[in-house]
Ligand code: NAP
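Let's start with one chain on its own, the form predicted alone, as structure tokens.
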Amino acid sequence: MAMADIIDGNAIAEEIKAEVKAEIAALAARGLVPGVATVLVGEDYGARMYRRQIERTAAEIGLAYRDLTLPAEATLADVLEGARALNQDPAVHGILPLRPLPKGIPEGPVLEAMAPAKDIDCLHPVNAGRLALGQPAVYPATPWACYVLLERYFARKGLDPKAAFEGKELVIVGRSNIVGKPAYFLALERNATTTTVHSFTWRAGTLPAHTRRADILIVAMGKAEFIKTEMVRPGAVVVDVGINMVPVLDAAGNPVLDDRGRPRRRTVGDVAFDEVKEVAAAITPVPGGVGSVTNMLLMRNVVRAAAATAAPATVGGH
């Protein structure tokens, strides 16, 4: 069997970027500049890195950007006050709370404090509920990115991207609120035959039997290179959502050190890419796969939220 097609998330992100810039230009011609705001509480390294990514992406495509940063000592009341101020700011069309929040700041009240119309990642319970009911007001960016990658891949193969999922066995590994659960609802929206497996499936010893059935396998479990060749049906299409940092090892299995004597690390997904690509029909890499597309889809959601304030005209596509 030939090696898998590598689904290039960077190239697809560039396509979406061009589309979103055109949508922003169309709104600008009507006097509307879409605006996005991030809410950062504390000094979490990952959250600060993500904030910089959003700021940089917004600048590249022409979105207005506002940063709300609060100290780690901020109270829940402080955070809720900041969220309410962003809700009331007409220049802000999309709000993205950056997680994790510091200990002592419960996530639920912060997400519920956002105006649902400004929630650009389907985090508000109202929007999550609408998605579950098949009446989505906004799509969650990471699981949506999985399907955008798949749809554009299928289109490149000459398949109808809407029909390509119908009746197919689509298995999702992971049931998080961020990826696994919404990915399930998005699969149902596309008429796939959908199964979710998780840690209890693994404990029952049946997880590999489910994954080997999949025509399409979406993996979002947070365990580095967990999915091996024997867990994948030959010819399956595999989407890897995982982002894990692991040590770089030499041929003897020892850590490779950098110039400062610290262990080198590399980014891998939840799928053992080098071996699974030998049996899959197509696979997304890590990095350069789902993550590349996610940020652009967040920006698309900002543009859609802005367009909704400028009815009757709308922009964007599914």
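What you see is a predicted model, and the numbers here were worked out from it, not measured in a lab. Residue numbers run from 1 along the displayed sequence.
There is another form of this protein, the form predicted in complex with the ligand, and it is not shown here; the text below is about that form.
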Within a 4.5 Å heavy atom cut-off, is V271 in contact with the ligand in the predicted complex? no
Indicate whether the ligand has at least one heavy atom within 4.5 Å of a heavy atom of A137 in the predicted complex. no
Looking in the predicted complex, any heavy atom of V241 within 4.5 Å of the ligand? yes
Is V173 part of the interface with the ligand in the predicted complex - any heavy atom within 4.5 Å? yes
I need the one stretch from 124-132, 88-96, 221-229, 69-77 whose residues put non-hydrogen atoms within 4.5 angstroms of the ligand in the predicted complex. 221-229
The unique member of L150, A113, I105, I178 whose heavy atoms fall within 4.5 Å of the ligand in the predicted complex: I178
Residue by residue through 181-217, tell me which have a non-hydrogen atom within 4.5 angstroms of the ligand in the predicted complex. H198, S199, F200, W202, L207
